[in-house]
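What follows is one chain in structure tokens, specifically the form predicted alone.
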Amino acid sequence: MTSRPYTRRKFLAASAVVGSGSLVWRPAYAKGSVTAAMYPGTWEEAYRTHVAPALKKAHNVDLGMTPLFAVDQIAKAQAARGTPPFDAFVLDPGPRVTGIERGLFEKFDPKRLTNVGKLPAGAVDEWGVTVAAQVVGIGYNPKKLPRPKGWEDLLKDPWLSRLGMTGFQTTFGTVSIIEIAKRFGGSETNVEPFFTEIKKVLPKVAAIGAPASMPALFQQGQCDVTYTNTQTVDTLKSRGVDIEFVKPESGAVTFFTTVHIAKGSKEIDNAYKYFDTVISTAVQTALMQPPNNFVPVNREVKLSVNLPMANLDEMSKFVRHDWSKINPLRAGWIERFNREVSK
């Protein structure tokens, strides 16, 4: 029997919780501090454990964190009207493009980072620096399913009836659905083929849930295959879950998380020290370890054997997307997925 633990109403409610930022106040720190917006959950915990102590030790700078998802960071900064609620953003590609377009970042000087030479080409530009990579593909339970070869397999049995799906709210969800659409004639701006194909098989899909729910659904056996990133797969494996990562035949997808100095920040010097600490070899190595499982961007870090590449240079061959084209379409895709798929 098909399990649908999330109705459309529940899906939308969960998405609303993720997207709604609670009232955030900016802590008053003594001189020698920087306040960073930070993704709640794994990112906040990892940065509190590894980055904050390293920043304090290296530069005697205290790191304060304001937990906010990307869309809320953009909204808070724009509403502040020149008095930023934090000194530094952390953003995925879509919100990064929005921040640039809306003039929310200070211009960035890579020469102020002592560790910039350890990063791959293209990891820094006039707006910020890359601090983590994400690699997106397929996660599946090898004890229950054969190994899928590509994105199109997800819409075929035996994988379809064990598929866990999420929508366009996350970056990894968006790029995964784009890649599925491509297999049926679509493109990064045309996901119509995805909607056409999923409607044909929707009653067979095992589970449809909010992005944050998918790891738990997989762990509980509600689904046995899903599109996801290496960080989620490694985290579940560390909990004893039977799951393996598959790099699709068309290529794994990669995108990068970047940090930026908020326009009008009074702690620009300390923001650079914070960024430099994050990309240092020691901190990047620590963040890669369980239970955090970040994909590093520092060339000196020896990559985990669980990652689908032997070195960072291989990522130049992975699939990437143009978010300046995706951003204007994404809200409509989210609404349509909620209306036609998660119902």
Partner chain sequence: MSVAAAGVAKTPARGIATLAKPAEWQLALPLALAYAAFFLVPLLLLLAVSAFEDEKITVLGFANWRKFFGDPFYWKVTFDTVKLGFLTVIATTLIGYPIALVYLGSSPRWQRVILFIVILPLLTSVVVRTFAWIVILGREGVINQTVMWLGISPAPLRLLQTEVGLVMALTQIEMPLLLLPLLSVMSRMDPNLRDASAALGASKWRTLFKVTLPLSLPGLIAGCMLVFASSTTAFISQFVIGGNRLVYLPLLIWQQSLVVYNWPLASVAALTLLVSVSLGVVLIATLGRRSKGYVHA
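Just so it is clear, the model here is predicted, and its values are computed rather than measured. Residue numbers count along the first chain shown, from 1.
Below: the form predicted together with its partner chain, not depicted.
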Practice item. Report whether all of Ala46, Leu113 and Ser280 sit within 4.5 Å of its partner chain in the predicted complex, measuring from non-hydrogen atoms. Key: no
Review point. Counting only heavy atoms and a 4.5 Å cutoff, which of 245-253, 151-159, 114-122, 72-80 contacts its partner chain in the predicted complex?
Key: 72-80
Exercise for review: Go through Thr232, Asn270, Gln134, Thr98 and name the one with a heavy atom inside 4.5 Å of its partner chain in the predicted complex.
Suggested key: Thr98
Exercise for review: Would you kindly say which of Pro84, Gly167, Gly128, Pro93 lies with a heavy atom within 4.5 Å of its partner chain in the predicted complex?
Suggested key: Gly167
**Study point:** 4.5 Å heavy atom contact, Gln220 and its partner chain in the predicted complex
**Key:** yes
Check your understanding: Does Gly186 reach its partner chain in the predicted complex, with heavy atoms at most 4.5 Å apart?
Key -> no
Check your understanding: Is Pro211 one of the residues lying within 4.5 Å of its partner chain in the predicted complex, judged by heavy atom distances?
Key -> yes
Point to revise | Contact of Ala181 with its partner chain in the predicted complex (heavy atom, 4.5 Å) | key: no
Revision key, fill the gap. Within 187-216, the residues having any heavy atom within 4.5 Å of its partner chain in the predicted complex are Leu202, Pro203, Lys204, Val205, Ala206, Ala207, Ile208, Gly209, Ala210, Pro211, Ala212, Ser213, Ala216
